[in-house]
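Below: one protein chain in two forms, given as structure tokens, structure 1 then structure 2.
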Structure 1
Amino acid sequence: MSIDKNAPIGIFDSGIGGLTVAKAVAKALPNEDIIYFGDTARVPYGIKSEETIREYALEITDFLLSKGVKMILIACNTVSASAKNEIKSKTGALPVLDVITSGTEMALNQIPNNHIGVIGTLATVNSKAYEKSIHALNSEIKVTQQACPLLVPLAEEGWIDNEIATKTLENYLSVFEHSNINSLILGCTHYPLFKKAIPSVLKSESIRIIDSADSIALTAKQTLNELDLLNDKGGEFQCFVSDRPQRFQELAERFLGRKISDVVVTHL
């Protein structure tokens, strides 16, 4: 199968969280066309069963394939934890990257890293995907996980820097207070939206915050380069959602800090 280098990169998430990845990709690869899909009708994924998450993820994969993408970035930790292999079997030779692999690599590049904290959705934490992925590379590292299910609805509501967001973060992050973690992986792509508030809630400046967005963007660039698939004349950013396009557009423009073309509703 030959892949068209001028085809778009497909990026998806359950909602707006994956925009943190899309933003990093657009910055690292300004000449690439990007197709983003946010499953706004069915967000949040993190409280659903693995079977359901897999079913949704494969439907989105079919949609992105129908758009002729040349690469897929799974910009959702919950999907990465539950459906990465199934997506890869569907896409064949097409490169597929996921945020858990990127987040793990980034965390392990930090020194010292004898104790890593991970926050994520219930599904990601229950799957122990980060623990497995970290221990596959270094079994000595202690991993402390904390599920933060309320952060996704808060982010989707745009409540990222008010009192309720701070109180919620304080509650969830208190588990790390006396734990001596060196790094904290933001194991959900919605969580970087709270990036400003997290360090002050953690009350520690020495804990490094790991956001896999930059890391996956860099890997995407390297992969496209190695496969000779870099585009040099793109730069379009097109969003598709399964519900509430205006609301998505508003939040997306606020977060990306720029206007985007009209968001299209697609029923999978």
Structure 2
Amino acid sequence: MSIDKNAPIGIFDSGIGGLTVAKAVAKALPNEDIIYFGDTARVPYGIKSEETIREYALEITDFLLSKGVKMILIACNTVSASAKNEIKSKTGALPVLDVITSGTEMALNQIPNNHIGVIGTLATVNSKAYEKSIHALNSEIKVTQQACPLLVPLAEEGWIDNEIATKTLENYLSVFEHSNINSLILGCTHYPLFKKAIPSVLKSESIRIIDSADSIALTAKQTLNELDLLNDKGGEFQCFVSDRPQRFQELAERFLGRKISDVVVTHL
């Protein structure tokens, strides 16, 4: 299978959160074209069965393949936990990366790394996807998890640095106060919006914050370089959604910190 180095990178999520991944990829790889798909008609994925999530994920994979992408980044923790292997089976030689694997590897590369904290949605925490991923590589590491369901609506309202956000973070992160964690994985793609606030709430400069958006962007750059697939003349960004393009564009510009062109509605 021949892969065109000038083809776009495909990134997808159940909704808006994966745009933190798109932003990190655009920063790490400014010459790459990016196609982003947000499944806004069927969000949230976390309350759906694994079978349904796999069905949705494979439909989106087909859409991205139809756009001729050279790589797919799974920017959804729920899909990463439920459908990564099925997506890889469908794409063949095309490289597929996911936020859970990339976040895990970055956390394990920290020294020391004997105790890792994870925050995520209820679905991600209940799936123990990060714990399983960490223990698959090192079974000796202690993992402490905390679900933070209110952070997603706060992020989408833009409430990331006000008193409500701070109090909410203090409540959730109190579980880590006496845990002696070495690093904290942000196990939801909305959570990087709170990256500046979290260290002050944790009251520890020694805890490394592991942003899965940054980690998957770094892995994407390394992978494309190893495969000699780096583009040197791109930089376009296209957004596709399955519903509510106006609301998506409003939130997308907040997440990305810049204006974007028209968001296209695509029915899978």
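Numbers follow structure 1, counted from its first residue as 1. In this text, rigid core is short for the largest set of C-alphas that superpose within 1.5 Å between two forms. Remember, it's a predicted structure, so these values are computed and weren't measured experimentally.
**Student:** Which of the two structures shown, 1 or 2, corresponds to the form predicted on its own?
**Tutor:** Of the two, structure 2 is the form predicted on its own.
**Student:** At the hinge of the rigid-body rearrangement between structures 1 and 2: which of D211, I60, A129, Q145?
**Tutor:** Looking at the options, the one at the hinge is D211.
**Student:** Smaller rigid part versus larger: rotation angle between structures 1 and 2, in whole degrees?
**Tutor:** That works out to a rotation of 13 degrees.
**Student:** For G117, tell me the Cα shift between structures 1 and 2 once the rigid core is superposed, in Å to one decimal.
**Tutor:** For G117, the alpha-carbon shift amounts to 2.8 Å.
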